[in-house]
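Consider the single chain below, provided in structure tokens and representing the form predicted alone.
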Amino acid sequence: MDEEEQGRGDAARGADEGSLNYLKGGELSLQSVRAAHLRLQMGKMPGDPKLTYYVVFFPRYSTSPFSKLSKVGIRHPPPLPFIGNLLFFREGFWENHTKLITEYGPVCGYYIGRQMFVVVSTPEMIKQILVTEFSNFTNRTKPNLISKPMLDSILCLRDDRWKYVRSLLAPAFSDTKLKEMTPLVNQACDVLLCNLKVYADSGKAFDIQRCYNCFTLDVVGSVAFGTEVDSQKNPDDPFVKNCRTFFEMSLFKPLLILILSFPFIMIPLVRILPNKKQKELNGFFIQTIKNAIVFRDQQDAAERRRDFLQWMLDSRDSADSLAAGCFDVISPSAASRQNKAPLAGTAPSEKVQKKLTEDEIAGQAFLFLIAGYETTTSTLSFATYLLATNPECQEKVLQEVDEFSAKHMVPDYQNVQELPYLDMVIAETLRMYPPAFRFTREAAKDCVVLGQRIPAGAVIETAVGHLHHNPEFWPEPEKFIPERFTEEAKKERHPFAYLPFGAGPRGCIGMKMGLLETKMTLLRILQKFQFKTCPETEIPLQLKSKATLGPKNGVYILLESR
């Protein structure tokens, strides 16, 4: 018998004598597990049945879900036991999406914990999933660890309830309602301009992203929660503090790995474990909305603010039932246009009588915070950076802004449509740096899309960032060229090559609102100031991409009065 066999025999005998050695707390020792593995290699079973379970079934469990993608011909990086490809994305998704697609193809995949993801990056495949086969890809990823009020938002609602709430909210984003909301955005812009003037007068470099953070928080507070704040001057306001706390919260990393590894145990456990901080935070937002509802119910109709919260309350009080088949469907061919279309698989005559609950009203207001805070802040920050680093484009915008100002005293919903070059600048900003650079749909059942089998339960992830930088559709994709979005150029391009707001029945319901806020803000700023680079300006801009895309280290510029 050679030395290797002798070593195995010694280890096996050691396992017989005491194969089940526990550390403090009842954990198995590494030595006993190794010994048990050696016995298995020699065709023997470990002496203790509990150890047999650990060394036989535990490793099998750790890799059992990782064959699903390969079985349907979808290539992916080699997954690690329990966590899958989590480490592949440890620096974020932005650059690693491109790395993944380049190495494994335009339809590829990965695993996060036991969940399989299918990444799609071609316009035709994306169109099939978002529109043609929508009935099988209606829902987003299951909100397993999300609590109220966000759980009641249309971001998380599923199936019939999502259809109804979406149909109820769609009128709140109509042209008529946005016209009524424009004065609230202008009021927030007045505060922003006062705060920016201090920096312009100082002549010093500053991080304008911080100012945009405060501004967008002011807009969310005003429009969705009926709360007027100046976040920059009043950082200790309860609304401001709780909003910032929400965005600073994250899961403890070891807990995240446990959840990914043992979701069937950890998800129910995390739901029932007390989380005082989370409970207080959720309670604050829900109570804020409920207090506002009580206050407005006591007001005369003429005294009520015309904001998103009031529109939801009007919908709640309306006696008219809604057709669940009628939705705003986002058409990717023009980011500034929305068309009404029936939802696939739903009869237009279907009626839904159940009204919006107070929790769902709170959920939609909270969605404004989730969807409108970071994304709008990032869009404004990226647009500022691109204009500062492309002064020839900024000059064209300034000329257009001056012509506008000569004709109009106050910008409103109607007259800001007269700024086509600013529209192109915003569109090109969203192409280069789409804040929502990835979004998901869940496959309800096994299906075949353009010849590719997709298993039930797979999460389909649209790689918007990669799509927007594909030279097949965007020559010289790293260059800032607003003229890509002339009417003629848009007609020549595949309509699903540009998706900053998603597409189809579950596209971003607040697209028009987001574009209006961004456009009015840039217009108001450029009427008074222009952006200049400085030694502190980070070129190229470093990015963060864990959830949404944003500047990693802020956007430092000089602001020059005009």
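In this text the structure is predicted, and so the values were computed from the model without any measurement. In this text, residue numbers run from 1 along the sequence as written.
The following text describes the form predicted together with protoporphyrin IX containing FE, which does not appear among the structures shown.
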K519: touches protoporphyrin IX containing FE in the predicted complex, heavy atom cutoff 4.5 angstroms: no
Protoporphyrin IX containing FE contact in the predicted complex: L526, any heavy atom under 4.5 Å: no
4.5 angstroms heavy atom contact with protoporphyrin IX containing FE in the predicted complex for L155: yes
Exercise: T429 in contact with protoporphyrin IX containing FE in the predicted complex, heavy atom 4.5 Å: no
Interface residue in the predicted complex among T376, S121, T384, N136, criterion: non-hydrogen atom within 4.5 angstroms of protoporphyrin IX containing FE: T376
Contact residue in the predicted complex, from H76, H97, R114, R441 (heavy atom within 4.5 Å of protoporphyrin IX containing FE): R441
Option from 79 to 87, 97 to 105, 158 to 166, 230 to 238 whose residues, in the predicted complex, bring a heavy atom within 4.5 Å of protoporphyrin IX containing FE: 158 to 166
Those residues of 508 to 540 which, in the predicted complex, come within 4.5 Å of protoporphyrin IX containing FE by heavy atom: C508, I509, G510, M513, G514
